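Heads up, the chain below is alone and in the form predicted alone; it's given as structure tokens.
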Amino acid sequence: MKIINDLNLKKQAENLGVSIWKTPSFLFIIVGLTNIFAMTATFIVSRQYNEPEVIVVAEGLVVSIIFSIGNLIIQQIEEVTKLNKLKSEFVSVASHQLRTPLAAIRWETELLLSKLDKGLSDKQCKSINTINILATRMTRLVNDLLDVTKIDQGKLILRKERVDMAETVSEVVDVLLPLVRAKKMNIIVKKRNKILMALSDQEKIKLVIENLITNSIKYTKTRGKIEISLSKNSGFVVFSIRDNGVGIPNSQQKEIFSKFFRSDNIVKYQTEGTGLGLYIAKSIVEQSGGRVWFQSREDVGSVFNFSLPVV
């Protein structure tokens, strides 16, 4: 299957944003065919002519052709790399520029709702609250894009500090409780050890935990159940979250940690989402020295786990 995907030139061209003839796979196929042709031609020439000069000239032509095609491949790869760098830089600059006005919108709407709401009608308060919700959602998207850009450029910096996993999970769950209650769901947190200290960046690990819990809430139907457990295993703190939500189709599970990926059944069930959360979570955990894994069955539920080194 992987070989078939690698030879899917149209899909590769769409992913890279280039013409089919500029894709690495197409160029490497050309190199392979050229090598076969060159070796065959050299063999035929060597059989028909015994003069060393002729053979040397033939081999020289073969080397020149291979060198030219190799140089073309390098140029195309450099072009794709430069375009990717420009794209990442543009996303980074645009995201940074968006953060300031979005923060200002949130501050102003929160001020109106908390300090100046007495002079506003219910309809006006509702409109301002909607603006605040949308600004918060956009801020989250901007932060995700910034994190993805840093990950892609290898510039995501994580602090190495002692993280109380039990306390961190409790803080995130408390923040998300209104969402849980709104869907009339039941959330349970199990801690098998009293002291669960991991080595990582606390704020980034909070983001990982928040992403996983939020996904379980969004993709589990009303009155569903979420179980979170923390334990120690072979020098690692293991976080696990189980839900009885919509699950992930088997055919799409290999893509679940890809950027911007959302499975078909999730898109039908929940229209909101960027498909960046799991990509960011996996990158943070792996850069912290841990790993992420999951099990899922469509229409049954999912279990997502990640581990971090024990301090």
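The first residue of the sequence shown is number 1, and the count goes up from there. Nothing here was measured: the structure is a model prediction, and the numbers come from that model.
The next section is about a form of this same protein that is not shown, the form predicted in complex with a small molecule.
Output flag, 256, 273 and 304 jointly within 4.5 Å of the small molecule in the predicted bound form, heavy atom basis: Contact check passed for all of 256, 273 and 304.
Heavy atoms, 4.5 Å, the small molecule in the predicted bound form: which of 282 to 290, 244 to 252, 60 to 68, 33 to 41 makes the cut? Say which one. It is the stretch 244 to 252.
Within a 4.5 Å heavy atom cut-off, is residue 216 in contact with the small molecule in the predicted bound form? The answer is yes: residue 216 has a heavy atom within 4.5 Å of the small molecule.
Can you tell me if residue 26 lies within 4.5 angstroms of the small molecule in the predicted bound form, counting non-hydrogen atoms only? It does not: once the small molecule is placed as it appears in the predicted bound form, residue 26 has no heavy atom within 4.5 Å of it.
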